[in-house]
Ligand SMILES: C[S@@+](CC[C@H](N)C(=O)[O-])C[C@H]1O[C@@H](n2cnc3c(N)ncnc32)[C@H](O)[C@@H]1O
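Shown below, as structure tokens, is a lone chain in the form predicted on its own; questions about how it binds or moves come after it.
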Amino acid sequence: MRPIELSPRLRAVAELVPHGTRFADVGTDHAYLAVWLLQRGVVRHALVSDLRQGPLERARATAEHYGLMDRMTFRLCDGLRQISPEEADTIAIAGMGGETILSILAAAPWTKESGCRLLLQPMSGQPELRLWLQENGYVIEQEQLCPEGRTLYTVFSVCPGEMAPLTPAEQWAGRQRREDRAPMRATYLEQLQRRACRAIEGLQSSKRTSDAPRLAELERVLAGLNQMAEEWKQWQR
């Protein structure tokens, strides 16, 4: 039987999983990520969980199809509520909004206390997630950008630690370093600049005084994004 193939966004998560880790995939749906890791010997066993019975049954069907039922544990639970620190030291949470991801982590402080590596792929709410991680004792060690179709997905590799405060623009775009290998970084910054500009234009036409603080915040974000884009351009020369 041919090994399973992953979509680009899931492959980006899979490539960050350390060999030999105790792996858990939260919100697994079809369990494609876990099966890929097992087939390639990255992990020896995988725990997959989902909030709903339907996706978990699809995960079981995938495991059965590839002959991996004896190497997988299936857990019906909300986030990490029924997963213990002894069961996982690398946890993937992909395909959810950033605010949902942070609520899962907030309900499972053991991920910080036991030194888990978190591989997070937020579909939205990235600024809120980055800020929450900074304020709650996690550090984003690495961010990877992955194009799939017309969408750029971001994967955070996170572990417990102290992260220097993020600027408003860094909350949107993540911290950048000269040594980063990120061919899609310029495109990502351009997308965020356009998003900030649209939001600013919408607020500039507002007559509500309550919108003024948000407008000022977005203007700071845009100024920072512009500076980051120029800095990145200089580094690529």
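Position 1 is the first residue in the sequence shown; the rest follow in order. As the structure is a computational prediction, the values presented were derived from the model and not from experiment.
The same protein also has a form predicted in complex with the named molecule, omitted here; what follows describes it.
Is it true that G27, P55 and A94 each have at least one non-hydrogen atom within 4.5 Å of the named molecule in the model of the complex?
Spot residues vs the named molecule: full contact, yes.
Check whether C77 has any heavy atom within 4.5 Å of a heavy atom of the named molecule in the model of the complex, and answer yes or no.
Because a heavy atom of C77 falls inside 4.5 Å of the named molecule in the model of the complex, the answer is yes.
Does S157 reach the named molecule in the model of the complex if we count a contact as any heavy atom within 4.5 Å?
Heavy-atom contact with the named molecule at 4.5 Å: absent for S157.
Can you tell me whether L51 touches the named molecule? I mean in the model of the complex, with a 4.5 angstroms heavy atom cut-off.
Although the named molecule is absent here, L51 would touch it in the model of the complex, with heavy atoms inside 4.5 Å.
Taking heavy atoms and a 4.5 Å cut-off, does R9 contact the named molecule in the model of the complex?
R9: contacts the named molecule in the model of the complex.
Which one, Q126, T100, Q134, T167, lies within 4.5 Å of the named molecule in the model of the complex by heavy atoms?
Exactly one listed residue reaches within 4.5 Å, namely T100.
Please pick out the stretch from 181-189, 204-212, 65-73, 28-36 that is in contact with the named molecule in the model of the complex, where contact means heavy atoms within 4.5 Å.
Going by heavy atoms within 4.5 Å, the stretch is 28-36.
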